[in-house]
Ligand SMILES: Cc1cc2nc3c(=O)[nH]c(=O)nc-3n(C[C@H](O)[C@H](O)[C@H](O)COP(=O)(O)O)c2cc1C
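Okay, here we've got a single chain as structure tokens, the form predicted alone, with questions on binding and movement later.
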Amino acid sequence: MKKVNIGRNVSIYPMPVTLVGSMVEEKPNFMAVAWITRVNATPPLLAVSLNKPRYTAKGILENKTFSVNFPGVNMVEQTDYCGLASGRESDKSGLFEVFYGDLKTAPMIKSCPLSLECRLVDIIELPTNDLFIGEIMNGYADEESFTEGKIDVRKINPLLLTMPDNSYWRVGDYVGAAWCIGASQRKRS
């Protein structure tokens, strides 16, 4: 099969859509973010990439905390709105029922099946974005999101994003067990 050069501005495919929350001027604010990843095992760290002028970043800098909330597909309209409207012009504090964990300044969304509260560890300045690295202090999941004691991605039904087509998706079919399905290849190598 012939490969096509698609250039260098390639996005990871697909990306989980999250709602990053921070307290800005003592009000909860949320923005839609798909540029997020886990970056360390112990301590558990994740990185969130935000465009430099984002209002949410102001709250992260103020409080040194933030939340990462994983909305289900059923929250696509509110999530998309949080990507369209800036907290500078729109008060998004009443859009969701908010709760707080141990950090007290990382607003989390009750209707999201999974929420993480993070303590800011570092900021890496990049040309157009800042990479906020946070330590996951606690995670909160809906009781209904578990199968056999583990979070079940099908029950969370997370919202996914693809770029450059800018489309939302949902999780597809189960393929197999990670770190098991490829074991037969060891005999070949």
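Only a predicted model underlies this, so the values are computations on that prediction, with no experimental measurement involved. Residue numbers run from 1 along the displayed sequence.
The same protein also has a form predicted together with the ligand, omitted here; what follows describes it.
Which of 45 to 53, 116 to 124, 64 to 72, 146 to 154 lines the interface with the ligand in the predicted complex (heavy atom within 4.5 Å): Answer to the contact question: 45 to 53.
Listed residue that, although the ligand is not shown, lies within 4.5 Å of it in the predicted complex (heavy atoms), from A141, A34, L131, M137: Selected option: A34.
The ligand contact in the predicted complex: L161, any heavy atom under 4.5 Å: Close contact exists here: in the predicted complex, L161 approaches the ligand to within 4.5 Å, heavy atoms only.
Partner contact for A106 in the predicted complex: the ligand, 4.5 angstroms, heavy atom: So A106 does not count as contacting the ligand.
Residue contact check: L95 to the ligand in the predicted complex, 4.5 Å heavy atom: No - in the predicted complex, heavy atoms of L95 and the ligand never come within 4.5 Å of each other.
Distance check, S111 to the ligand in the predicted complex, heavy atom within 4.5 Å: Although the ligand is absent here, S111 would stay clear of it in the predicted complex, with no heavy atoms inside 4.5 Å.
Members of 79 to 103 lying within 4.5 angstroms of the ligand, judged by heavy atom, in the predicted complex: Counting only heavy atoms within 4.5 Å of the ligand in the predicted complex, the contacting residues of 79 to 103 are D80, C82, G83, L84, A85, S86, G87, K92.
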